[in-house]
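One chain comes next, on its own, written out as structure tokens in the form predicted alone.
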Amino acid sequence: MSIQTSSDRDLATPTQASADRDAYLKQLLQQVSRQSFASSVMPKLGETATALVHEQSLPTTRDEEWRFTDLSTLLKTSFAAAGSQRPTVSAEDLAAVMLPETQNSRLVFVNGVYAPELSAVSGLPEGVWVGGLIEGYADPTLQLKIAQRLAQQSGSNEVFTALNTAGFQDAALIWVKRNQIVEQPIHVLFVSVDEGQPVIDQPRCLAIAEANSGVTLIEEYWGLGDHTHFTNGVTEIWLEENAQVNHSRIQRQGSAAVHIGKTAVSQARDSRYVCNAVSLGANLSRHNLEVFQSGEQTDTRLYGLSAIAHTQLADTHSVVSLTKPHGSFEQLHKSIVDNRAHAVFNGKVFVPQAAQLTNASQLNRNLMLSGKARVDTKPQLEIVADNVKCAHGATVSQLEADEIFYLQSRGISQDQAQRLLIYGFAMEIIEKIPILSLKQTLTEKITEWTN
């Protein structure tokens, strides 16, 4: 089903767009590959990723998967690679995003480079290894794990993912050993900082939860100041048998930022994965969320919220593949769109013949606060199995006049009634975040946003 709330758009591109985009992509690749992890530590991986980038071009609105997300504004800026010498950032600069629950279990990266002096992992048990990928690769046991898992997810050949693999400088590595339940949440904070010129940074995160383990992971992207910045991030999460990962992904970069992110998840038998994705920042943002259920009785829960205004564009593309019997999947993605902002949702769920007795549901709800706002939504179910319970849907609406009238009849002003309804719409997603301080921070942001 496809619900498109705007008129058909002209998909034509400039005559020399293809050549321009090819040259632009190659220039980005040249910038980021000079000091990359792959080129210096895992050259074969780097060579493969570089070849994949050379075979492709930046997507255009002629590509179905990018039909509503125009990257032409990206091509107007020449980005340099973030410097290996990190800009100076103090703990005081990060006070607004530090979580008290993770004061001894956090990793901080500044423009894609690990900042050990801002990180702290002393509060974690012995059965967990958390740190920078370069540091972890020096351990022979971890080196093997990294080689088996890094850039091995389905979808690694996608152009922005391959660009990240070819050019990331360091990465967050979280390895939870077998039978280890981590009570302490782990906060991975990626900070973008002005370097005096537009820069591209490529955050990377690799999380491995071995059999019967459990962990809560907060992945956050935050901009220190408002500057032109391009973030191209990739997170890979591996859940082995009966593992549990509760993952919150928060994006609140500056209003001049471009943010493109990939979350790739592989789930073995009896594993449970929960993702709470909240997008509030960046001028243009896109989150590609891909989940592959490779075992029976696997459970996946995806919850998302985009709250955008002015001329922001927030795009969420998800792909979930349920390949074995008795799998379960639930997705609820919400968007609040004001002014001339544009929200895009495309969710694909694949249920092949082997995935009998699957229970899957997908819902996209959109709240438009302006007549000039735009929403394009396309939930998709592709079902071959015949013994399943599956449903999907999408709604696009404005604030209901009768709901506002009801609140006014209880002595609440019209403006307050509207803010209350917006707040309630957003809180259904924010309430699912398991970290109290983060939940409170996001609640305050939504409250400010409604004002």
Partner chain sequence: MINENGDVILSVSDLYAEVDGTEILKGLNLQVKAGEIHAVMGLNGSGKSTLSKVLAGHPEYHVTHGDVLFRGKPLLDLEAHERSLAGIFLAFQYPLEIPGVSNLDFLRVAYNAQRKAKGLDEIDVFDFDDLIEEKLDVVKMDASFLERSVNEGFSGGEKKRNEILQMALLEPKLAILDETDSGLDIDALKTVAQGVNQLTTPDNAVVLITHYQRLLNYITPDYVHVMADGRIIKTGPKELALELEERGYDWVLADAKVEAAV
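Positions refer to the first chain, counted from 1. Just so we're clear, the structure is a prediction, and the values are computed from it rather than from any experiment.
Separately, the form predicted together with the partner chain exists; it is not shown, and the next lines address it.
Enquirer: Would you check, heavy atoms only and a 4.5 Å threshold, whether residue 410 touches the partner chain in the predicted complex?
Expert: It does: once the partner chain is placed as it appears in the predicted complex, residue 410 has a heavy atom within 4.5 Å of it.
Enquirer: Would residue 23 count as touching the partner chain in the predicted complex under a 4.5 Å heavy atom rule?
Expert: Residue 23 lies outside the contact set for the partner chain.
Enquirer: Wondering, does residue 420 line up within 4.5 Å of the partner chain in the predicted complex on heavy atoms?
Expert: Answer yes; at least one heavy atom of residue 420 falls within 4.5 Å of the partner chain in the predicted complex.
Enquirer: Can you check whether residue 401 is within 4.5 Å of the partner chain in the predicted complex, heavy atom basis?
Expert: Result yes; residue 401 sits at the interface with the partner chain in the predicted complex.
Enquirer: Could you tell me which stretch in 28-36, 50-58, 389-397, 411-419 has residues with non-hydrogen atoms within 4.5 Å of the partner chain in the predicted complex?
Expert: Careful reading of the contacts points to 411-419.
Enquirer: For a quick check, can you give me the residues of 424-445 that have a heavy atom within 4.5 Å of the partner chain in the predicted complex?
Expert: The stretch 424-445, when checked against the partner chain in the predicted complex, contributes 424, 425, 427, 428 at the 4.5 Å heavy-atom cut-off.
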